[in-house]
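In the block that follows, a single chain appears as structure tokens, in the form predicted on its own.
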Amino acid sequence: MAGAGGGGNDVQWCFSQVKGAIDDDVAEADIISTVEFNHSGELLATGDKGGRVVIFQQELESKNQPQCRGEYNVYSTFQSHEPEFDYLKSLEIEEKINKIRWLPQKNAAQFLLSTNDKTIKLWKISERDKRPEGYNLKEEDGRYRDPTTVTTLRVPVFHPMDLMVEASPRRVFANAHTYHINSISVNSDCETYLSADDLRINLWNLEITDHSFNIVDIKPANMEELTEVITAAEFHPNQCNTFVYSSSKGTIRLCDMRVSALCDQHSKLFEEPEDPSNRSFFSEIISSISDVKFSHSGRYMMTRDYLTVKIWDLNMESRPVETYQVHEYLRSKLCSLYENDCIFDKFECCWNGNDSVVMTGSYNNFFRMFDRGYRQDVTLEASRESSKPRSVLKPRKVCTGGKRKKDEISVDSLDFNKKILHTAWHPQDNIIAVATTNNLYIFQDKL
């Protein structure tokens, strides 16, 4: 199999672009912390630990190469969050962007939500290619004129100018989370969104910044009795009353906001019984869910824990309908992964446009794709070595023991500092964005 892709075909994935500096010495602020396509796939946003948001726009297909999709080039860059200090708690609040979510487009402008640990901001990204000239009370350089000197009135006119992309903050949603925000999700009603931290989930109206509704609160009266935390939350793609949240215990709870204002009582609980033969000291850590994503159809949801990706049918709570091993060869390495804290890495996952393939990241800059219909999987690598334009990515294999074949890599030589935590799939095409430490790789299928 050349590679997993959409529509049941064997897709050959090719290198398209890489963004970011090549230096081995990576600045902490440049580390990418989130990646997200907008609903059309024309725009691709990344957030980093320095609080910046960089938006790439897909160029129109060139007439010379109609078979070649347009490349993504920088469209807008802006500072979304600044470092802050909570004087009451004597805590520094990092500027790192935890999540970006696009709102469905309603007019010429685009809107997105970005969040750090404490504050969510709604940004408007708009284009301006005309400027007004011929004011009555202003000179062309902006100085105001004395009204008594105005003897004739003129009608201001718009003149063309170089395209300028402006990012302006329209709303700031602050002071609603005691703990660190890990998820934001826009509702299908396009009026509300949720934000989740370790112990609470809040529901916001996009127009109202001074208060939100607390819809989930799992904080115990005595914090010593705390046994689990919320790790991710998401709204259903087309049922505005339904959302799910996952926990550090490996459970997923589906809640219906029609039942009660406070959704402490879930409607469904998705949990897989633990295999006693795999029980170990690390069982609880590796069962913690790091990401949950509904399929575009809304019928399934996907969860990612440390070693596996699981697909759940919303109609069956007892066990997942599909389980994919991401890097089972690491089970024997859990002790060393615990010592270097890698076992706490939070890998994300994503669906392709028609829900037939899922993708998630791994170590050594590997990323994995699983074709659900054909039950095929492939391991690919994002590296500078295979970054010649249109070069086909070769599937990689990890050798766990015995004699290593020529093109295999030993599990002992994997680089755990190189990891792919954030991935995104274009909503319509076979174009994927994969974030290594400070580089964004874009791959597409070979047309």
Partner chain sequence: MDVSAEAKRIMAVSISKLYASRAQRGGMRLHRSLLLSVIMRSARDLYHSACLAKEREELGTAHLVPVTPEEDAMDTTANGEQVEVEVSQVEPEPESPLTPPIQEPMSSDSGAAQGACKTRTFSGKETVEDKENRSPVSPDRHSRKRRGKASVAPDFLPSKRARLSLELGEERVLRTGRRNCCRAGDAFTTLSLNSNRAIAAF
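Numbering follows the first chain given and starts at 1. Since we're looking at a predicted model, the values are computed, not measured.
The next section is about a form of this same protein that is not shown, the form predicted together with the partner chain.
*Asks:* Looking in the predicted bound form, is the partner chain within 4.5 Å of a heavy atom from each of 254, 270 and 316?
*Replies:* Heavy-atom distance to the partner chain in the predicted bound form: none of the three under 4.5 Å.
*Asks:* Applying a 4.5 Å heavy atom distance criterion, does residue 323 contact the partner chain in the predicted bound form?
*Replies:* It does not: once the partner chain is placed as it appears in the predicted bound form, residue 323 has no heavy atom within 4.5 Å of it.
*Asks:* I'd like to know if residue 133 sits close to the partner chain in the predicted bound form, meaning any non-hydrogen atom pair within 4.5 angstroms.
*Replies:* Answer no; every heavy atom of residue 133 is more than 4.5 Å from the partner chain in the predicted bound form.
*Asks:* Is residue 338 near the partner chain? Define near as a heavy atom within 4.5 Å, in the predicted bound form.
*Replies:* Yes, residue 338 is a contact residue.
*Asks:* Can you work out whether residue 344 and the partner chain are in contact in the predicted bound form, taking contact to mean some heavy atom pair no more than 4.5 Å apart?
*Replies:* Looking in the predicted bound form, residue contacts with the partner chain include residue 344, since a heavy atom lies within 4.5 Å.
*Asks:* Using a 4.5 Å heavy atom cut-off, indicate which stretch of 147-155, 281-289, 184-192, 163-171 touches the partner chain in the predicted bound form.
*Replies:* Within 4.5 Å of the partner lies stretch 281-289.
*Asks:* Counting non-hydrogen atoms within 4.5 angstroms of the partner chain in the predicted bound form, say which of 137, 226, 261, 74 makes the cut.
*Replies:* Checked against the cut-off, the match is 226.
*Asks:* May I ask you to choose, among 231, 242, 212, 295, the residue with a heavy atom within 4.5 Å of the partner chain in the predicted bound form?
*Replies:* Checking each option against the partner chain in the predicted bound form, the one that comes within 4.5 Å is 231.
*Asks:* Quick one: name the residues from 71-103 with any non-hydrogen atom within 4.5 angstroms of the partner chain in the predicted bound form.
*Replies:* Going through 71-103 in order - heavy atoms within 4.5 Å of the partner chain in the predicted bound form - the hits are 83, 91, 92, 94, 95.
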